[in-house]
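A single chain comes next, written as structure tokens; it is the form predicted on its own.
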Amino acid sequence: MSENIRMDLLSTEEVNNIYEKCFLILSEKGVKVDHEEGLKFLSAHGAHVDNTSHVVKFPRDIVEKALASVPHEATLTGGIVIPDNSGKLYANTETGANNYIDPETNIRHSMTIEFDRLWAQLVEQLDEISICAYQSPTDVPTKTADIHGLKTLLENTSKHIMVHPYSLNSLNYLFELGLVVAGSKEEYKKKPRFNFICCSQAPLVFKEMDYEAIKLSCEYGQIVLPASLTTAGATCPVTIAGQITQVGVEILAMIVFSQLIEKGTPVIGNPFSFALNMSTGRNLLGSVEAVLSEAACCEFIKKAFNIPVGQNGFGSDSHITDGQSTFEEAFMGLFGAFTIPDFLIGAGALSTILCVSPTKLIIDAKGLNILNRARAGIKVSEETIALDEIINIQQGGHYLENKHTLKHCREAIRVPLFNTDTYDTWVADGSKDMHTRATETYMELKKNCKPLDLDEHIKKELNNIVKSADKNLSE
């Protein structure tokens, strides 16, 4: 039975080779940690710390103990456990876009709180999207945009939320928002509504904010999501193998941080592997090199560290939903389906994640069904071989009325956005392309967009936290 098709980009020998290089780099070169309290903590737990340069080196035994204690799975809001036992892929939206394409006018706007609100309400209705991230609203104070963004999502979607904090000072406000919705810290730790994306500053630096985010995540019982944002030829080696190695070092360092702070904290690896367009200086995620590197980084992290991983699977460098975006997301998506990530990132994203489109979000959501079907592979059994049906069929006959056909004919994936009609029927229906059909789907979903039914005291407390943040951080 060839269920759950897999494609290996790296051999066992290559994974082991890179794995050993990660240990070598962490123990002999180390990483820079710009967090005074963190330096003292790491030193007290066996790391070699240079208090002048802030470089931290980890002996091999510390790293191996961290890998031994990190869980091999993580639970998201709604009881979603990754990796899924059946091999199912989950999907989430990209974070941080500051532009938004309005499907009703097809005009690109700066992101606003209202667009963020509509985005969350749309995600709430798409069963295929399990994780939602806020975008970057431009109509609120810059220093508290992440706080406004999280509040907006907590009010408008019940799904798991991924949070990318914008500053050290906003971290406690973000947790306060989560505690209000949960009711208490104890309840929050049982079912965290969100997790932080904690990023390295490539190459090999960890900012005060990101170390603090890992520390607080461990304290509050959250999943830690270490992200390594590397650009080949700029902030990491230009070769794919070199990029994998640096990504591995940076994510491994964050695994060690988390397990030293709170043993058993769940971790989801999240490489963001970009390629540099040397002629323009623009980051690319849809180029073949970027896609190969992203998939290979995820494969390495999964095999070497045995933790869940997320992979870019829907984004595009194109600025509109067109042939380029369709090809790039299909290319990325198939690598996601046939390699080993647990969820795909970037649903609805364009312009190398600087813009989002609800129309593309809907296309990506429906496309996930195809990817999961492809990933499930082919079932070969006595039932599916259908030997009796073939033996009993009259030569030149048909299977249309066969009980076996009737039993299995509804198993095929059908995507409503795809045109499967005859040409004449398609013309009679208005000659609509997929973008048009997706926009019509958006218009229908928009009719049902509404905020969550939260208690009034919760809404009031959320507003008070945001007002306090605006006053204390922006004035």
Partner chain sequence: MSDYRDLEESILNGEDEKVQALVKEYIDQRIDPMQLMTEGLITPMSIVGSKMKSGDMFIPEVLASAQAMRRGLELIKPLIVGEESSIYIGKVVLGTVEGDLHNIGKNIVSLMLESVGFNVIDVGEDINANKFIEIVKQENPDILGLSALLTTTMPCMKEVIEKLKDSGLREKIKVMVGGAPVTQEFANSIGADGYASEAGSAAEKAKQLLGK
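Since this is a predicted model, take the numbers as computed values, not measurements. Positions refer to the first chain, counted from 1.
This protein has a second form, the form predicted together with its partner chain, left out of what is shown; the following refers to that one.
- Residue in contact with its partner chain in the predicted complex (any heavy atom within 4.5 Å), chosen from Asn85, Ser279, Ser381, Ser184: Ser279.
- Residue in contact with its partner chain in the predicted complex (any heavy atom within 4.5 Å), chosen from Arg117, Arg193, Lys207, Arg375: Lys207.
- Against its partner chain in the predicted complex, the set Ala145, Gln201 and Ala234 is in full contact: each member has a heavy atom within 4.5 Å.
- Mapping the unseen interface onto this chain, Asn169 falls outside it, with no heavy atom inside 4.5 Å of its partner chain in the predicted complex.
- When its partner chain is considered in the predicted complex, Gln121 lies well away from it, no heavy atom lying within 4.5 Å.
- The closest heavy atom approach of Thr138 to its partner chain in the predicted complex falls within 4.5 Å.
- In the predicted complex, its partner chain lies within 4.5 Å of some heavy atom of Leu354.
- For its partner chain in the predicted complex, the listed stretch (151-159, 279-287, 217-225, 381-389) containing residues with heavy atoms inside 4.5 Å is 279-287.
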